[in-house]
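Listed next as structure tokens is one chain, alone, in the form predicted alone.
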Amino acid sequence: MAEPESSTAAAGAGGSRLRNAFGGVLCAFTLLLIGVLAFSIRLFSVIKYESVIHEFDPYFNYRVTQFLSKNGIYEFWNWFDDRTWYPLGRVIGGTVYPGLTLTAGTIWWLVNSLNIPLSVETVCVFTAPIFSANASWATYLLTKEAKGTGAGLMAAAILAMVPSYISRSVAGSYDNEAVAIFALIFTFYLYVKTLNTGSLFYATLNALSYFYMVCSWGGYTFIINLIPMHVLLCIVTGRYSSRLYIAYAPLVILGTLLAALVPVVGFNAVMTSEHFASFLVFIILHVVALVYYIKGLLTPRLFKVAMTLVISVGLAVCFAVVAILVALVASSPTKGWSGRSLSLLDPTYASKYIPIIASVSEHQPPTWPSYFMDINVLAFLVPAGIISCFLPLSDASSFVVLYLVTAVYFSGVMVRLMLVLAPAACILSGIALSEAFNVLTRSIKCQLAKLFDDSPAASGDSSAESSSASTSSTNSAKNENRSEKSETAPKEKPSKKNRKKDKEVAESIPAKHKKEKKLLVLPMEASVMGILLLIVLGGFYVVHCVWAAAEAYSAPSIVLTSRSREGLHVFDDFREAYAWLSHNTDVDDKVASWWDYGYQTTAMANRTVIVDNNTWNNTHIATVGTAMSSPEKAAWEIFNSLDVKYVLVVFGGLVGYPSDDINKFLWMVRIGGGVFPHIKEPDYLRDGNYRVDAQATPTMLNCLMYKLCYYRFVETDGKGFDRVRGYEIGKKHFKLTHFEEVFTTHHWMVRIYKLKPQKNRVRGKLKKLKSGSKTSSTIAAGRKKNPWQ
């Protein structure tokens, strides 16, 4: 009897090993397909348009990567860029997050070392799709730690296609978020992995991953505040353990030291309010650890005395630290917080005090439709995922829920942070779908098993033989058991009352299990319908994601398209204007424009700009805004004092391009008026609105921005009808006295003007002097004063 049992056990073990190996291979193959999907769905921009850098900020990153690949890392750290923020300039190495640049530069160096001749631009274009695949795999690892392999695969597949992440990771979107989202998810995975295993190795990797996140994006402050919140939650709910200590303490110490090595962060890692929560929780964690340590050494009576002493000293230390932090915070005008952080804590702060932050479109709060556009059906699956995380609740699942709650709040304040919400929504949706499929497939299995057990077709000769064999074997087994029992057990016959009790207890346990199983098993029809509905829901999600990737987020802002009855129209005015500047102006000429176009002008035209998208100097931007809001003569004097030779404006009134400078003009007025009080916003308003038609105010009709945009505009259709604003302009026929038009693109989207020299500004002829005895003092008295003195 022993040989068949051992062979059966060996066969079962071999089958389980084979099943696990097959499952591992299938899982790896599925992850590979998910990576290919994440990469390929982001290539619509290259297929439909061309391999080109998108948006505005990526052009600066591309220019910096070019400099790094050409001159090396040491020159990069010490690079002073005199092409931006004239005449101030900018120290690039100390004001940029270097993670993206170093990553792309390393990839370029590796592929060229392998004799694969790729340009820097090609590497920059495809960096974001590559890291989107990495982010999908990191999502799998994080979700697997929380709820298993099935949920991890489902979450990874969802993240590979989610529109919110696609919007920042299409081919050509060479921005910090391209690598930062991967670093964010991978840091969370290593934290949860350390929390589950208590491994110091994973804790060290977690600190290194956090360091890469700090190098990549300013959103690292989300990590260094979310993890302390989770640690505090575990302590409050009585879930403290040595694994929690190992997961958090090395991250704070090693992570902070590494973060201080990044030049753009420096001592801000220990001096700003965004990091104080991590230090406070670090102290609380050590107090709790000390209490648990003392509890294991002392008797209950001594422990009470020691507990009182530890709590007293701990509270005193905490109060002292809090007092020091409060003193440091109170000494700062912004209470130790950056402007963007304050705008997250108080959504009205930026609009009240920092209009430059409020002027950025991605810093505006999102609308409800944007949630359905960016996460689609995930909004309905997330609540089910939250419920699944509580059945049962673990440290990892509580972290995922806390991540979602905080991300929902921040995404509601700033539309840009929908990007942070996307991984949390994908993880919880993956958990919900995995649990749903698990219940439905288990129900179908149970119903099929019951169907085959009860089917009359199972009766027959073979079944009869097998049943007789089984009955004979069971009978022999019963006889053996009886003989064994008769030999070993005492021959006392139990009473009738005890036999009845034992029977009730034995029957109650299987009855409970049967009842639980019945509760978890759904009818066959309901299970099949549920699976079909989930498949249809997934199909709608895939269709929406493909549409978003192909149509909504693949178009580069530098090349615009529109469709009409005549077909597809391509507007390549931006590159046309930058090419004109590059070929028709001197290398040292200065170009003034609104700050949105600074990065593109420097990267594509290689000309010096006054302001750009870094927005670090509010006064400099306010000066440009004041010039655009001033009359022509005053604007000429401001630009001339800045050594500006050309002025560039973007105008969409002819083709219907809404993101032009007229629609941005209200922010020029507000930012300029915040520094120079003579610019007053009510002077440009008519009934509370900015208007450029016949009802516009005289201040609006005479400002430089109006004149540069609408100069000769009436010649296009004879009426001067603005397609963006939807009405005819107010002032149609006027001439420029201090500026001259030098170039207008094919569709009038970009217009470039040159400042006239001073000698051409004199109207009429100089009157001849009647007497030749006019003294030099009289000439000096007639000269005009410098407006900036």
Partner chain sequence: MAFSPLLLLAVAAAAAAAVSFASAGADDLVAEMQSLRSRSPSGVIHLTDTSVTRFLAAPVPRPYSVLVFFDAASLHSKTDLHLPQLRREFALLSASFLAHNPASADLFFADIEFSESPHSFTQFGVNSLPHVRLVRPEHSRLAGSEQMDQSHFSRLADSMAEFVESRTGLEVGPIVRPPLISRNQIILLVILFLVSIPFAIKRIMEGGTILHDPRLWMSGALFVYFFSVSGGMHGIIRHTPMFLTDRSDPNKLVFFYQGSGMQLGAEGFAVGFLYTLVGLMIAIVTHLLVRVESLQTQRFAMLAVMVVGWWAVRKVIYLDNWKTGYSIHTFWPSSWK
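Small disclaimer: the values here were computed from a predicted structure and weren't measured. Throughout, rigid core stands for the largest set of C-alpha atoms superposing within 1.5 Å between the two forms. Numbering follows the first chain given and starts at 1.
There is also a form predicted together with its partner chain; it is not shown, and the following applies to it.
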Assess the spot marked by I235, P366 and V439: is its partner chain within 4.5 Å of a heavy atom from every one of these residues in the model of the complex?
-> yes
Contact with its partner chain in the model of the complex, heavy atom within 4.5 Å, among W109, F372, F676, W616 goes to F372
Could you tell me which one of M271, V264, A384, V326 places a heavy atom within 4.5 Å of its partner chain in the model of the complex?
-> A384
Of these, 209-217, 523-531, 242-250, 83-91, which stretch puts a heavy atom within 4.5 angstroms of its partner chain in the model of the complex?
-> 523-531
Find out whether any non-hydrogen atom of Y74 is located within 4.5 angstroms of its partner chain in the model of the complex, and reply yes or no.
-> no
Heavy atom to heavy atom, is F279 within 4.5 Å of its partner chain in the model of the complex?
-> no
Just to confirm, F540 within 4.5 Å of its partner chain in the model of the complex by heavy atoms?
-> yes
Decide whether G198 counts as a contact residue for its partner chain in the model of the complex under a heavy atom distance cut-off of 4.5 Å.
-> no
For the stretch 547-585, which residues lie within 4.5 Å of its partner chain in the model of the complex by non-hydrogen atom distance?
-> W547, A550, E551
Look at L568 and decide if its Cα position differs by 2 Å or more between this form and the one not shown after superposing on the rigid core.
-> yes
Classify H286 as shifted (yes) or not shifted (no) between this form and the one not shown, where shifted means its C-alpha moves by 2 Å or more with the rigid core superposed.
-> no
